[in-house]
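Quick heads-up: it's one chain on its own, the form predicted alone, in structure tokens.
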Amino acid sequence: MTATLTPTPQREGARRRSPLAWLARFQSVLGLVVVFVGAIVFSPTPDGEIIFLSGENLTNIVRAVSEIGIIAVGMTLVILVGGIDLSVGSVLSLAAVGSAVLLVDNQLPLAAAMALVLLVGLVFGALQGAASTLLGIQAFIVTLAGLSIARGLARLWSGGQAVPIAYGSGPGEAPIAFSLLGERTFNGIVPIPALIFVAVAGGAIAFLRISAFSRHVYAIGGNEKAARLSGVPVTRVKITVFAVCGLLAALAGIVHAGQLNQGGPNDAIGYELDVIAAVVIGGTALSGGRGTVIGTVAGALLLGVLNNILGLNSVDENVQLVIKGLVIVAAAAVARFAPRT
């Protein structure tokens, strides 16, 4: 008689605790720790002070990744359902231009202008989701077209020029409250954009943990056909996640305009690549169904730390691109070859 080996809890536990599976599960956090320690080691130390660890430098890192991080939260949802959104950088630019034009040229009240800009991002994302889902066109193609459309709309809206933002209460001036987006709080320590990033990420993490919607997102990414047969409203969920991604790209555009005191139609070119990189480094599978917002946050911070330390050491920009590319490939390889748990 031939003995049949059946899976046991012990064997399953051993498989789950395999080094590669463990590495894949915590790759973003482990990667962030490794890069952070490396940044300390290789930081310039004039007068014996580690520049990288200075409070000013660390807060600058968080401020620098805030826009990418905000968008990356939305991108995580899109990738979890097996989609992609290449238009986010252009939508950010469109929102930044819209913020400047509505506040400076049209003299709209701050709340009305921000609500309108966010609505533009929401609708733009929803339309892309609908085009992809209802027409059966790959999200890559739809959002590639959306990248061009949003950039073109930004140039039309601004007349092809950056729109500067001056503050005051007179004609052609934006409300002073908008300038707070470029300021710091808690005794000048924490940048306001960082707080917005934390709020967005925290809200998304909590939402994905407690909502039925999150189960639908993971189910669609895992097996869309099975999810549809199980009664999951696939079309509605996919349109919703694209709408959320567009909304967050618009929010990042508002933050961008507030930090730079202008909205430019050529801003944020290439942002979509950094956003996708943050999500991939964070451990989200491009095939969908696997990933977390916590991982994405760690991935965005990892990129921020890496950019910062390379800049502090005056590493050639072309070399920086090569290093970032290798990091992304390494993260994708770990996720690709790790056993599913």
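Given the structure is predicted, the values throughout are model-derived calculations rather than measurements. Residue numbers run from 1 along the displayed sequence. Between two forms, the rigid core is the largest collection of C-alphas that superpose within 1.5 Å.
This protein has a second form, the form predicted in complex with another copy of the chain, left out of what is shown; the following refers to that one.
Only one of 129-137, 69-77, 240-248, 108-116 places residue heavy atoms within 4.5 angstroms of another copy of the chain in the predicted complex, namely 129-137. This chain is displayed alone, yet in the predicted complex one of Leu102, Leu86, Ile196, Ala204 has a heavy atom within 4.5 Å of another copy of the chain; that residue is Leu86.
Taking non-hydrogen atoms only, Val29 never approaches another copy of the chain to within 4.5 angstroms in the predicted complex. Under a 4.5 angstroms non-hydrogen atom cutoff, another copy of the chain in the predicted complex has Thr284 among its neighbouring residues. Looking at Leu273, you'd find a heavy atom of it within 4.5 angstroms of another copy of the chain in the predicted complex. Though the partner is left out of this view, Leu301 does not reach within 4.5 Å of another copy of the chain in the predicted complex, counting heavy atoms only. Using a 4.5 Å cut-off on any heavy atom, the residues of 135-164 that reach another copy of the chain in the predicted complex are, in sequence order, Leu135, Gly136, Ile137, Gln138, Phe140, Ile141, Val142, Leu144, Ala145, Leu147, Ser148, Ile149, Arg151, Gly152, Leu153, Arg155, Leu156.
Once the cores line up, the CA of Val315 ends up 2 angstroms or more apart between the shown form and the other one. The pair Val327 and Val41 is tighter in the predicted complex: their Cα-Cα distance falls by no less than 3 Å compared with this form. Closer approach of the C-alpha atoms of Val329 and Val41, by 3 angstroms or more, is seen in the predicted complex than in the present form.
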